[in-house]
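Starting off, we have a lone chain in the form predicted alone, written out as structure tokens.
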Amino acid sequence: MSDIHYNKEKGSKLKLFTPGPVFVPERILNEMAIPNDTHRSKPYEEMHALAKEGLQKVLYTKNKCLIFTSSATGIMEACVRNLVKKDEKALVLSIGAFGDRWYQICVENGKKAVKEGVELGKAITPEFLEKVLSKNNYSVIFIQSNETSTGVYNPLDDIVPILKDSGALVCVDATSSMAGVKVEVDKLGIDVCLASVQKCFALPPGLAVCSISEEAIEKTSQVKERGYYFDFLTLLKKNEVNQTPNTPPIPQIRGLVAQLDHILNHEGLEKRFQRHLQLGKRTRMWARDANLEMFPEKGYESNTVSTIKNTFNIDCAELVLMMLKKGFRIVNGYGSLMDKTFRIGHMGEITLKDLTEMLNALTDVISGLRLKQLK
């Protein structure tokens, strides 16, 4: 049991290497503390417009970009409710727990859906799609870019064009990759690309964002019973005047605008993508040198979340606890992979220096746990 508790004066002093929420830099926390006008004011509208423009640049798209007061799961549900008619069939391509979640959302909303998946640790490939798409016709296809539970990154550049060729709308959950891994929405023809901001954007939770194509907007107008809170058309109507239908977390949006400015005009998008690539490679090198195995199939490893096999059969709960005592938080495996794997998040504002410091501590902790096994 951890002896770390809520600190009302200073907050958390842990260095987070988690799949999210992640470390939020002080400059963003300070930005969020600045007073704001209301969400029906001209200052807010100007801020909302900046957020939309920045998101379009991050996603390489001319599509409209929306802001949601929810986690990414809210937009996942919005896609299901807004884009799938009652007499249509959707396809969920799952490579892990969060792909399974999208299928569950379809079922709970009474939509006809088929789930096609691969063995945990593997990615969706063109060869797999050839078999799947030959079975049936689908109106909408849902897929993860980065599966946070398995640490697998789907090869979107290879598979999205195949999905689009089937005639379906394509929705991509880019929750743990957007703003960390390059996704060219317009080039690939992605209809909805969604994420929440507490991962690669390095913001506090509370916001989710997406781009939406004209084709998806047209489809939404044909779907009945879209719900109230996540109705795309209602959101789009208010988005046109740089507002949201309901009161949003304005400080988070101020933080998003500040972070978009940092990403685009200070670090630079390409440099940010390259840094995340280096963080992924550095973690995989560490695992190799520590005689540990990556859980994902080689060639499909994520550059934002590393899922590592518990090769030495150590107590993962104790591993997490020992790292907490050193001031770092990593996490156990997710769902069925708990204790079989552990996960390291290396996204957002994490630097190579930060990562190396944590990995050195992790090496010592694992060595200590292995010695304990010998007693």
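Quick note: we count residues from 1 along the sequence shown, nothing fancier. These figures come from a predicted structure and were not determined experimentally.
Form predicted in complex with another copy of the chain: not shown, discussed below.
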Practice prompt. Sort through 148-156, 133-141, 298-306, 79-87 and report the only stretch with a non-hydrogen atom within 4.5 Å of another copy of the chain in the predicted complex.
Written response: 79-87
Fill in: Partner proximity in the predicted complex: residue 311 to another copy of the chain, non-hydrogen atom cutoff 4.5 Å
no
Worksheet item: Going by a heavy atom distance of 4.5 Å, is residue 252 a contact of another copy of the chain in the predicted complex?
Response: yes
Worksheet entry | Contact flag, residue 37 vs another copy of the chain in the predicted complex, heavy atom cut 4.5 Å | yes
Worksheet item: Given that the partner is absent here, does residue 14 sit within 4.5 Å of another copy of the chain in the predicted complex, heavy atoms only?
Response: yes
Worksheet item: Quick one: of 189, 117, 227, 268, which gets a non-hydrogen atom within 4.5 angstroms of another copy of the chain in the predicted complex?
Response: 227
Response to the item:
Checking 243, 166, 274, 71 against another copy of the chain in the predicted complex, the residue with a non-hydrogen atom inside 4.5 angstroms turns out to be 71
Discussion item. Using a 4.5 Å cut-off on any heavy atom, which residues of 124-155 would contact another copy of the chain in the predicted complex?
Written reply: none
